[in-house]
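There is one chain below, alone, in structure tokens, taken in the form predicted alone.
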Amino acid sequence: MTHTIALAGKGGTGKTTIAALIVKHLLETRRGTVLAIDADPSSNLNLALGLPLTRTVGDIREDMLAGVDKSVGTSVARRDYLDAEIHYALEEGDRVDLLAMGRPEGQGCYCAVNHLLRELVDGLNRAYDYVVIDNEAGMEHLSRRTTRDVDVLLVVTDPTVRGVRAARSIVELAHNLKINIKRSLLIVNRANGSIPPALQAEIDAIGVELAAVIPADPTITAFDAEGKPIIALTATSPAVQAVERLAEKLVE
């Protein structure tokens, strides 16, 4: 059975870095395969994983509506075409594949194409042991899935009151979207030292377990500056160590 871990948080909280480190942990400590889904339109999970990115699901959708494939006629042919294109868009690594959702919808009627795409992407998920989804704050990809089951939702925040309040809004949004989430956990990322009382009070008000406090890690800053993949960080990294402890809670 596929185990799905989704991450959400406002921009700049480092959720893509955490997603990459969770993938790293799964590959190094667990058997099985991982599908990493980049559901953030900025599409940079590939950089963190050291994988290329040549095509996204958004590109497939736009090409379909623009009539790039002139041979598509019946609904059966359209489904076969989209299925082939999604598999072509997969970036394959060593036991980890990446699928980027890409840009949001533009002008035009997307309903029929989107429905087929959702079914095909959800079907693809079931072929992997683990799925790690890097979402934008609005969690549109999760809300539009035909299968909305998520084993763990990680809501990532920076160590600020404003950030934690944004995280609280994301938790409330997830409830309103009626996503079937088995567990929701809060992650405070890039922390410097202990959490001050005012920030702890905001965390307690969310009503979601604080599962990890990940320290600010200058090694990650250096990797980002040099364009090195985050997945190549070693076990000496404080952030890697914190995410390893967190990841053990996610796949018990």
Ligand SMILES: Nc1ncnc2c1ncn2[C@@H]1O[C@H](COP(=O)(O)OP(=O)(O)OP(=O)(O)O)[C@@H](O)[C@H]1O
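As the structure is a computational prediction, the values presented were derived from the model and not from experiment. One-based numbering along the sequence shown.
Below: the form predicted together with the named molecule, not depicted.
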Going by heavy atom distances of 4.5 angstroms or less, which of Leu186, Ile220, Leu35, Leu26 would be at the interface with the named molecule in the model of the complex? Ile220
Within a 4.5 Å heavy atom cut-off, is Ala39 in contact with the named molecule in the model of the complex? no
Partner proximity in the model of the complex: Pro229 to the named molecule, non-hydrogen atom cutoff 4.5 Å: no
Would you classify Arg55 as touching the named molecule in the model of the complex, given a 4.5 Å non-hydrogen atom cut-off? no
4.5 angstroms heavy atom contact with the named molecule in the model of the complex for Pro215: yes
Stretch in contact, per heavy atom within 4.5 angstroms of the named molecule in the model of the complex, of 194-202, 207-215, 57-65, 26-34: 207-215
Just to make sure I understand: among 8-22, which residues lie within 4.5 Å of the named molecule in the model of the complex, judging by heavy atoms? Lys10, Gly11, Gly12, Thr13, Gly14, Lys15, Thr16, Thr17
